[in-house]
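Next comes just one chain, in structure tokens: the form predicted on its own.
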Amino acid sequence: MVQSLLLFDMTFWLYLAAFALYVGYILARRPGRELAPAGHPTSGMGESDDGWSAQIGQVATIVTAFGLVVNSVALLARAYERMQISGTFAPWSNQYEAMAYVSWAIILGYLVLEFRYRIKSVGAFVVGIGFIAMGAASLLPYRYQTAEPLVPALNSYWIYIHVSVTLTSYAAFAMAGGLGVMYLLKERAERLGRRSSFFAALPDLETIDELGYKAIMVGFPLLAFGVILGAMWANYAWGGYWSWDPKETWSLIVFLIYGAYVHARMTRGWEGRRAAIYAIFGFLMVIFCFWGVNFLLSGLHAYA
């Protein structure tokens, strides 16, 4: 158990270093150097760098990837510890482990985005959220960080699919929230006519908006699947598909919030500033569903 906690601590510091490096990368970049990959349908994607920015960007990617590897090893170590204690190896069985998994999924999603679209500046906003997630987990009392035996309702094969799918959707929404913040900062700087090299070095607004939309379109079906799996697990564990438990209710609220976003995007043409604000609002609701419900509202999911 001490071994996995040490690895999680290492993950926190690596993500912090990666976040600082991505900020340094933006500061070192020459603004206005976005390039679209040959044949790619989305304009404005891709960044061309030289000198210090290229070197800092490479180091940032390496540190991020190494942090992901350490995070993966930490989750595997915790899975082994859980197997020894409960016979269930899911390393997302309490709040601390769930935060570590969400952080892992955020960083994995970011690296996929970076390698696919060749955009590193997003790392300052998305890797930063992964670092904050690990930091928030480390602030939990020690009793929440240890791998205690699971209650009978949790010691089930459903924990492997329902929890992992739902947490992965939260990671996608976290990415969209970070991109929403990025969009609003860039849009405000352009609207006020500010010539800051920091904001000028960010991708264009259309690119940020499109990436945020893609992130939500990954998270939304995953959340829908997670809610369905949760109802099936509830029926298996408690004899009913839905009991309006606070966690269930807030999961439904989050699903409806993002469902409204997808509907507005497809039918009303919601893009740009409104979409960015809504993505941030949705992510705040995810945070409350993930954290607030567990600690502020009592219910069948209080042990989560």
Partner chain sequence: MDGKSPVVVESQASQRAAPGLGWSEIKAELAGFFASIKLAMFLFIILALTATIGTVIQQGDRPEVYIEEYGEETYRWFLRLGFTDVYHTWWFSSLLTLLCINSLTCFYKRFPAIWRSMRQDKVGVALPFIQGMKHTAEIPVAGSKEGVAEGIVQLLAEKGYRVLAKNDRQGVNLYATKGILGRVGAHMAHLSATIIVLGGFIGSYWGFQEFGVCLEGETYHIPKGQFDLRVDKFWIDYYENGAVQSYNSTLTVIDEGRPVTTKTITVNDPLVYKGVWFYQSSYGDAWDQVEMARLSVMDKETDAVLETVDLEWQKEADLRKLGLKLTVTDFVADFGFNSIEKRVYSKTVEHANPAIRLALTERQSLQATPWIFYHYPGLFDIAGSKYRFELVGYKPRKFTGLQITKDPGVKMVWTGSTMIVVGITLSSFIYHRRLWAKVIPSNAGVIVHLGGTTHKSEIDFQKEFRKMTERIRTINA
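What you see is a predicted model, and the numbers here were worked out from it, not measured in a lab. In this text, the rigid core denotes the largest set of C-alpha atoms whose superposition between the two forms falls within 1.5 Å. Numbering follows the first chain given and starts at 1.
Omitted here: the form predicted together with the partner chain. The next part is about that form.
In summary, the region of this chain contacting the partner chain in the predicted bound form, judged by heavy atoms within 4.5 Å and restricted to 67-75, 102-110, 169-177, 210-218, corresponds to 210-218. Within 4.5 Å of the partner chain in the predicted bound form, a heavy atom is found for none of 201, 277 and 280. At least one heavy atom of residue 235 is located within 4.5 Å of the partner chain in the predicted bound form.
Interface residue remark: residue 224 is counted as part of the site for the partner chain in the predicted bound form, having a heavy atom within 4.5 Å.
Taking the partner from the other structure, the partner chain in the predicted bound form has a heavy atom within 4.5 Å of a heavy atom of residue 241. Shown alone here, residue 272 lies farther than 4.5 Å from the partner chain in the predicted bound form, counting heavy atoms only. Heavy atoms closer than or equal to 4.5 Å to the partner chain in the predicted bound form belong, across 117-135, to one residue only: 117. When two forms of a protein are overlaid on their rigid core, residues whose CA moves 2 Å or more are considered shifted, and residue 272 is not one of them between the shown form and the other one.
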